[in-house]
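The chain below stands alone and is given as structure tokens, in the form predicted alone.
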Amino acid sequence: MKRLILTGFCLLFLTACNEPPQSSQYQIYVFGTLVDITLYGGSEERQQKAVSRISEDFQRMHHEWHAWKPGPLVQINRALAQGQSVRVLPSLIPIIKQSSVLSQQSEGLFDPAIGGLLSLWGFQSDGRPNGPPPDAEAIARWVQAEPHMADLTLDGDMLSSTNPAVQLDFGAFAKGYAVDLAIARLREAGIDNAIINAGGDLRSIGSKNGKPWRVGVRHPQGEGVLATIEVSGDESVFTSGNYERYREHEGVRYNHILDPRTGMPVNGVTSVTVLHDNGAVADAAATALVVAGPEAWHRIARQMGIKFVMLVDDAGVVYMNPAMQHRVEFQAEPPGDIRLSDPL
């Protein structure tokens, strides 16, 4: 095993003895999670060069997108809160533009302008927040201010807001955007068969030695795998759930997915899994559909151009569209209640 240390990030190169020739796996720890990169084809030199560039990209993104540690985004948020225009880095312009479009398509259920609300709840931290939930009056004031991405104006590289309550946090969207950029790096290097898995959220291109990639969807209400999905070509699989990040006080768990309309954590939905050919879109849509819930997920998915959705509510009921049903293979005993929607 070869171990390379690149600019503070641990990059491991593993040649899998039980895989076909030219199969390689790399691991990068970044964004608070382990990113696994599996490649088929291309020389070892070409692979290592591409993954080294991806590691450098991830380090830059981690610094530029961080919402609470000193860096460009903190400076942007400080200027917006003071009603000032601020110059943004060229690398931040595409993420602001794409997230603004996705926010509009989701009716604001996905909205990176809610950084102030995330801060109120203590979710802008490296550890799990403790103690009681935020003061109800503080939440009400934030809701009344109604910060949205639509409040922003981007003129060239100058960003301004008509609402000083706008505070940007791209955490619900950053992994998908980063995975998309990483796939672009691999294609630039002539690598056409790969899968990038960022803590269970992933995007694949090509195939696994001529066969589909088999992806496991974590069971949201217990250990193990709920279902598997075969992916090939260019496809992303992203899941948002309430089982990973949360705060707990006096036996009550408050999950980190917040509803911008109420300022409160979403209840009633355990997880949403989305398939799409773009990782950023899949990431944002998975979050938006958790907020939309069983009543509105179908409408929001259609508006965001999503064709494959599986939603699991707190009672274990599975909601999905017919196209997703054909893609999902449940493990062990299938759910007792599966509700199919109209086609998307």
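The first residue of the sequence shown is number 1, and the count goes up from there. Since we're looking at a predicted model, the values are computed, not measured.
One more form of this protein, predicted in complex with ligand ADP, exists but is not displayed; see below.
**Q** Would Val291 show up as a contact with ligand ADP in the model of the complex if we use heavy atoms at 4.5 Å?
**A** Looking in the model of the complex, residue contacts with ligand ADP include Val291, since a heavy atom lies within 4.5 Å.
**Q** At the 4.5 Å heavy atom threshold, is Arg247 in contact with ligand ADP in the model of the complex?
**A** Contact check for Arg247: no, nothing within 4.5 Å of ligand ADP in the model of the complex.
**Q** Indicate whether ligand ADP has at least one heavy atom within 4.5 Å of a heavy atom of Ala227 in the model of the complex.
**A** So Ala227 does not count as contacting ligand ADP.
**Q** Residue-level question: is Val274 within 4.5 Å of ligand ADP in the model of the complex, judged on heavy atoms?
**A** Val274: no contact with ligand ADP in the model of the complex.
**Q** Among 185-193, 169-177, 73-81, 145-153, which stretch sits within 4.5 Å of ligand ADP in the model of the complex, heavy atoms only?
**A** Selected stretch: 169-177.
**Q** Tell me, out of Leu159, Ile95, Leu258, Leu202, which residue has a non-hydrogen atom within 4.5 angstroms of ligand ADP in the model of the complex.
**A** Of the candidates Leu159, Ile95, Leu258, Leu202, Leu258 is the one lying within 4.5 Å of ligand ADP in the model of the complex.
**Q** From the list Gln105, Ser99, Ser236, Ser240, which entry has a heavy atom within 4.5 Å of ligand ADP in the model of the complex?
**A** Looking at the other structure, the residue within range turns out to be Ser240.
**Q** Using the arrangement in the model of the complex, list in sequence order the residues of 114-137 with any heavy atom within 4.5 angstroms of ligand ADP.
**A** Residues within 4.5 Å: Ile114, Leu118.
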